[in-house]
Each structure stands twice: as structure tokens, then as C-alpha cells.
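As a starting point, one isolated chain is supplied in C-alpha cells, in the form predicted on its own.
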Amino acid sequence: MVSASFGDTQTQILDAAEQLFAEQGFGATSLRSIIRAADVNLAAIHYHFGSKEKLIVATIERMAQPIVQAELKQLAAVQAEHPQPTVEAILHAMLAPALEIVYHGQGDRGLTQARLMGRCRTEPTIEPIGAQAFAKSSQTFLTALQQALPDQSTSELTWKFDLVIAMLIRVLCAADQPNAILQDNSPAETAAAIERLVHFAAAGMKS
């Protein structure tokens, strides 16, 4: 086995865990399979992460952090320019980062991240971890949407928001399918897909 630095070993483990958790789910992924894929030993996993449970938390947080940061940055920019932004502007700030970060320019890893996001919505063991990882973004965008749509109740906006997230993950996970809304990872194709999704989601949020 080739020796790796502290950071390299962590990255190897996280890369392997991300791939396997996305493909197989938490329950079906063993530490042994991660060890093989990462080309490390069990001691390395215990040293860097402590347990399989802590490893899935670290894996999801690594995936979520750049998306959350980009979403909040885009929303802040929109609000700085327009103190009362439109629903469309809010949704654009929410949807664009995931499509640009997870899909655009990341090749196979982008699809892996999309599948892991899907696991965060459908697998009971992972769902609360994903919810926590995206909690700051979710609450911030719900607040912004509430301000843009003051006549709608919080509970109504929450379930509509949930449907928008489900739509986004469906689009991301289907990126490699023949009839996908995203047919390639070019900037122009990504921008066009974002606009289509924003238009569709905004109509649902306002109804």
C-alpha cells in the first residue's frame, strides 16, 4: 500500500465512502468495502472518523457544505440588490448552485453526489443527517419565500418547498438518462435547465 499524507488519507476514505454510500446506501455499505475501495486499513478509518456512523456524517457534510455556502451567497447577493426579491429570484439562488456544483463540470462524481443527495431524502438512516447538513440553507430560503409570499402559511410553503427540493434531486439523479432535462454539462445547457426549473417551481410556489 502506498503511504498517504494525513489529508490524502481522509480524502481517499471520503471519496470511497461517498461512492459506496451513494450506490448502496448506508446499511448495505460495510466498513470492509470502504477499506478496500479507499486502499486503507481499518485503523485509518477509526483514527480519522471513529465509526461508520461518523463517517457518513462527514461524507454528507462534505457534499453539502459547498452547496449551502453557494446558495446562501447567491441569496444574499439577490437580497442586497433587491430587498424584496421575487419568488423567481429566490428559487434561482436556491436551485442554481446545486446544478452548477453537483452536475456542471464534475463528471461522474457529480452524479455520485446527486445520488447521495437522493439517499438523504429517501433513506431513513441518512435522512436526518442530510436534513441537518442543509438545515441553514433550508430555513433561510423558507424565510425568504415567506416574505415573498406573505399570504401563504408556513406549513403550505414548507410542503411546496419540499416538493421543489424533490424536483431538484430528481433532475440531478436523472442527469445521465436519455430524456434528462440536462443533456450535457455545458454552461449554456445548465443555465437553460435552471431557468426552466425556476419557471416551473415558481408557478407551483405561487399557486
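Fair warning: this is a prediction, and the values are worked out from it, not measured in the lab. Residue positions are given as counts along the sequence shown, with the first one as 1. Think of the rigid core as the biggest set of C-alphas that the two forms share within 1.5 Å after superposition.
The same protein also exists as the form predicted together with another copy of the chain; that form is not shown, yet it is the one meant from here on.
Sole residue of A166, A37, L149, L31 within 4.5 Å of another copy of the chain in the predicted complex, by heavy atom: Looking at A166, A37, L149, L31 one by one, just A166 meets the 4.5 Å heavy-atom criterion.
Answer option from A58, V68, V171, A44, heavy atom within 4.5 Å of another copy of the chain in the predicted complex: By the 4.5 Å heavy-atom cutoff, the listed residue in contact is V171.
Contact test, all of F49, K54 and K136, partner another copy of the chain in the predicted complex, heavy atom 4.5 Å: No, the whole trio is out of contact, none within 4.5 Å by any heavy atom.
Partner-proximal stretch of 94 to 102, 81 to 89, 68 to 76, 114 to 122 relative to another copy of the chain in the predicted complex, 4.5 angstroms, heavy atom: It is the stretch 114 to 122.
L197, heavy atom within 4.5 angstroms of another copy of the chain in the predicted complex: It does: once another copy of the chain is placed as it appears in the predicted complex, L197 has a heavy atom within 4.5 Å of it.
Heavy atom of K160 within 4.5 Å of another copy of the chain in the predicted complex: Looking in the predicted complex, residue contacts with another copy of the chain include K160, since a heavy atom lies within 4.5 Å.
In the predicted complex, A144 touching another copy of the chain (heavy atom, 4.5 Å): It does not: once another copy of the chain is placed as it appears in the predicted complex, A144 has no heavy atom within 4.5 Å of it.
Is_shifted P66 between the shown form and the other one (CA, 2 Å cut-off, rigid core): No; P66 is a residue whose C-alpha shifts by less than 2 Å between the shown form and the other one when the cores are overlaid.
Exceeds or equals 2 Å, Cα of I194 between the shown form and the other one, core fit: After core superposition, the displacement of the I194 C-alpha between the shown form and the other one stays below 2 Å, so no.
Core-aligned CA displacement of R115 at least 2 Å between the shown form and the other one: Shift of 2 Å or more: yes.
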